[in-house]
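Single chain ahead, written as structure tokens, the form predicted alone.
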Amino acid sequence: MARDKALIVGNWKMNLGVHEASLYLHKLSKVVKIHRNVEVVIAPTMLTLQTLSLQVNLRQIKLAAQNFYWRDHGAYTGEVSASQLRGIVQFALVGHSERRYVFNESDKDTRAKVQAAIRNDIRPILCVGETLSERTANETKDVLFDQLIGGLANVTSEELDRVVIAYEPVWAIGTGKNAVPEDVMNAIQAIRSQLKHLYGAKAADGVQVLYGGSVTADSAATYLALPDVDGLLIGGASLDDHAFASIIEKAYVSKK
């Protein structure tokens, strides 16, 4: 996948029911402009995905799943598989810190989900990032390396361009605390360095790497201007249509 496009992903988390989501997507469709150099993705709750897939204009906005189970079918009550999401979503979040730390998902789970997404023609957005205690102990690079190796262990160099990496420092998600640009640059350079070590320079250079963590319409341009940042993973600001549209416009300007 070419890195000449900015990728802006809005994670709605556990917000908006079916009717609310439909109304909000309608509002977004009025304010989000289509740009050839920006790809826009929203990740609504599982319950709303099928309805929104019939409503959305895929030239304007694509859909992502917030979660899924790694097996394609079977006796797994309450789960939804990547094979069931195929054709409904184009992307899926994997390894988000809330899955890792609230629901205790392991690197083994994350690795299996990345593989399941790829085999079902869904682009996984692999989330990596350190906690506050890990950051304080200067373990950021070690954590990133472990999470990358854990999540990508079954991915070949030919498949790597299907994967998106999102750096989300756990201490900055939903806290209002912003990582300073230097910290983001250092972390993303460490991610790219590890990808080169695992897959070689050519394959690694093709991977889109996003930043996420309390990004707002005001701070978005600062992060988008950083070298090696190919887009943003947005939380709360993606639930404000004008803020989200503003971030998309800033991505357009950054890639002009």
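Note that the coordinates shown come from a computational prediction; the quantities given were computed from them, not determined experimentally. A residue's number is simply how far along the shown sequence it sits, counting from 1.
One more form of this protein should be noted, the form predicted in complex with ligand PGA, which is absent from this view; the next part is about it.
- Here the marked residues P181, A220 and K250 all miss ligand PGA in the model of the complex; none has a heavy atom within 4.5 angstroms.
- For the chain shown alone, E130 is not a contact residue for ligand PGA in the model of the complex, no non-hydrogen atom being within 4.5 angstroms.
- In the model of the complex, no heavy atom of A43 sits within 4.5 Å of ligand PGA.
- Although the partner is absent here, K113 is not a contact residue: none of its heavy atoms lies within 4.5 angstroms of ligand PGA in the model of the complex.
- In the model of the complex, no heavy atom of L210 sits within 4.5 Å of ligand PGA.
- With the partner omitted from this view, the residue of V143, L160, I118, A172 that lies near ligand PGA in the model of the complex is A172 [heavy atom within 4.5 Å].
- Judged by heavy atoms within 4.5 Å of ligand PGA in the model of the complex, the contact stretch among the candidates 197-205, 43-51, 25-33, 212-220 is 212-220.
- Shown here without ligand PGA, the chain has H96, E98 in 88-103 lying with a heavy atom within 4.5 Å of that partner in the model of the complex.
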